[in-house]
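Only one chain is shown below, in C-alpha cells, and it's the form predicted on its own.
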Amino acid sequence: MADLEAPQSKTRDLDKLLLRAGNLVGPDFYPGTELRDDMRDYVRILVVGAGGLGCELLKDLALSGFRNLDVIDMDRIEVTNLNRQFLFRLEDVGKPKAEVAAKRVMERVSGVEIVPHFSRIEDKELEFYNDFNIIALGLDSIEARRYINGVACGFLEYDEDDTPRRETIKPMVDGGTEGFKGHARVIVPGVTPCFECTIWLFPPQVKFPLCTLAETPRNAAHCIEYAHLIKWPEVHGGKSFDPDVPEHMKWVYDEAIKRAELFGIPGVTYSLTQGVVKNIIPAIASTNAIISAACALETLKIVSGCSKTLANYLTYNGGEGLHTKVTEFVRDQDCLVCGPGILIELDTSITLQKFIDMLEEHPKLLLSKASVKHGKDSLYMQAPPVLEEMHRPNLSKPLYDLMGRVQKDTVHVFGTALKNEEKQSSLTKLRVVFKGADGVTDMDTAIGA
C-alpha cells in the first residue's frame, strides 16, 4: 500500500523515451540521465507566435522537459482571443501576448524559464535566431513563415560538394490550423523541403472583382474589402495599409460599417474585418491542441534522437470523423532559399552600392531597398536611420574588400521583393564569386580599379 502511495517522478513518462533504447531510435541516440539533463539545461527553443497554437506549444514544450524557452509575438490580447487562447484572462486584454503567455506557463510549470519578446520578427537581428537549437512556429501568416524560413535557411552552409554542413543546420517545426484542419511538419534545411519548396501547398487568397466591390456589394466581406482596397488608397493616397496597426484596422472597420449600412448588408464586425483583411480562418481549440502535441513530440525527437522524426508533413482533418496522413515531400534542389544559393559573379572593383543596385535588376531577386550581411558583419543596413548612417561609408567601397578579399563566399541580402504581384519581405542567400580574384595581389587590384 505504501508503494502505491509513493510520489511518482515528474519525468516518469519522459524517462521511458530517454533512458532506454528502442527499435526506432535515431543513429545519434544515447539513452541515459545525461541526455535528459542536457536537454533540460542547454537546449534553447524559440516559439514564434503566442496565439492559439503558440500558447499550446509553450505549455507542451515546458511539460516535455525543456527549460529554456523564448517566445516572440507582436500582438496584444483581444477579447476575441479568450475562447481558445487558454493562457489569457479578461484582465489581460490589451497586454502583450508574449509576456502574458510566458508568465502563465512559468507559474504552472516549475523550473521553466521563458523569455518573452514583444516585437515584430523582422525587428530582431539575425544572430538572435542563431542562438536557438530549434525554432517552433505557431503562426497564421504565410509571409511570416516565409521570413522565418529564410532566416533559418540563411544560416545553412554547404561544403565544396554542395553537401549541407551539419553544424549550420537550424531545424524548424511548423504547425498550422484552419478550423478543423491542421498540419505539422519538420523542416531540416538542406535535408527536407523548406517552406519555400512547398509554397504551392497553400492556395491563393480569395480575391473579389473590383467592379463587384465598387458597384454591387452583396455581403459583409465585399464591404470590408471595398474599404480596404478602394477607400483606403482613395483617402490616404500613397500611405500603405498595415493590418498590424490597430488604428488602420479600426478605420477599415468603420468605413465597412458605413458601406454596409448604405446597401442594407448585415454582419460587419471587427473580428470579421480582421479575418477578411488578414485572410484568417477562425481557430478551434481542440485542433490547436492536437497539432501542438504533434509539433512538441517532433521537437523532442529532433533534440534527443529518441525516435525517427516525421517524414515530413502530417495533415489532420477532424471535420468529419478523424483523418490523419503523413506525406513525404521532396526537396526542390534548385530552391532559392534552402539551396546552396544564387550564384553571382562580380568584378573585384564592384562597389557595395553597385552591388545593391544589381540586386534590384536581377531577374531571380528583384530585391529593392536591400540590406547586406556577410557572416556576422553587417555591410549595409537600410534601417533604422542611425544604422544606415553608420554603414553609409561602405557604399563607396569595393565589395571584395568588405568581404575580406576572399575569392568566393556567401552573403545574405534582406529587402523587399515582388512576389505574386505583392511586395513582401525577403531574405535570400547569395554565393558571390569574384572573377579573377584567385591569387590577386594588391597591385593587381589597384591596377584593376
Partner chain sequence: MSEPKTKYDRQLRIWGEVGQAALEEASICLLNCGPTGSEALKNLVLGGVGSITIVDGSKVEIGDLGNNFMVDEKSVGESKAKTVCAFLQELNDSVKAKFIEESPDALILSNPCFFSNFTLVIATQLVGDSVVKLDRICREANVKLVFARSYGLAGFVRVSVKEHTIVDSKPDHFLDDLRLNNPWPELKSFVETIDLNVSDPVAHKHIPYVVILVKMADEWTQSHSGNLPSTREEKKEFKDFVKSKMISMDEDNYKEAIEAAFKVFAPRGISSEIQQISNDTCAEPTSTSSDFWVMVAALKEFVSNEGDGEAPLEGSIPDMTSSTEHYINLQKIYLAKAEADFLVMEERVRNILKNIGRDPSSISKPTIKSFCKNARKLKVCRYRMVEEEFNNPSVTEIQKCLADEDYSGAMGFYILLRAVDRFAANYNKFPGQFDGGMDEDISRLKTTALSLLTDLGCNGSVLPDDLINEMCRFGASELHVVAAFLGGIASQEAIKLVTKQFIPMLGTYIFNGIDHKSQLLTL
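Each form is matched to the other, and the largest set of C-alpha atoms that superpose within 1.5 Å is called the rigid core. Residue numbers count along the first chain shown, from 1. This one's a predicted model, so the numbers in the text were calculated from it and none came from an experiment.
The form predicted together with the partner chain is left out here; the points below concern that form.
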Next item on the list: Work out which of the listed stretches, 308-316, 343-351, 155-163, 134-142, brings a heavy atom within 4.5 angstroms of the partner chain in the predicted complex.
Entry: 308-316
Margin query: By the heavy atom within 4.5 Å rule, which residue out of V330, V79, L210, V245 makes contact with the partner chain in the predicted complex?
Written below: V79
Notebook entry, point to check: Taking the partner chain in the predicted complex as the reference, which of A370, L365, L379, A289 has a non-hydrogen atom within 4.5 Å?
Noted result: A289
Check: So in the predicted complex, are V100, V303 and L418 all sitting within 4.5 Å of the partner chain, heavy atoms only?
Finding: no
Note to self: How about S271 - does it come within 4.5 Å of the partner chain in the predicted complex, if we only consider non-hydrogen atoms?
What the structure shows: yes
Next item on the list: Although the partner chain is absent from this view, report whether S240 comes within 4.5 Å of it in the predicted complex, heavy atoms only.
Entry: no
Check: Would P96 sit within 4.5 Å of the partner chain in the predicted complex, counting heavy atoms only?
Finding: no
Item checked: Contact flag, P217 vs the partner chain in the predicted complex, heavy atom cut 4.5 Å -> yes
Item checked: Sequence-ordered residues of 11-46 touching the partner chain in the predicted complex, heavy atom within 4.5 Å -> R12, D13, L14, K16, L17, R20, A21, G22, N23, L24, V25, F29
Checklist line | Rigid core superposition, E261 Cα moves 2 angstroms or more between this form and the one not shown | finding: yes
Notebook entry, point to check: Taking the rigid core as the frame, does F155 move its C-alpha by 2 Å or more between this form and the one not shown?
Noted result: no
Notebook entry, point to check: Can a Cα shift of no less than 2 Å be assigned to Q274 between this form and the one not shown, given superposition on the rigid core?
Noted result: yes
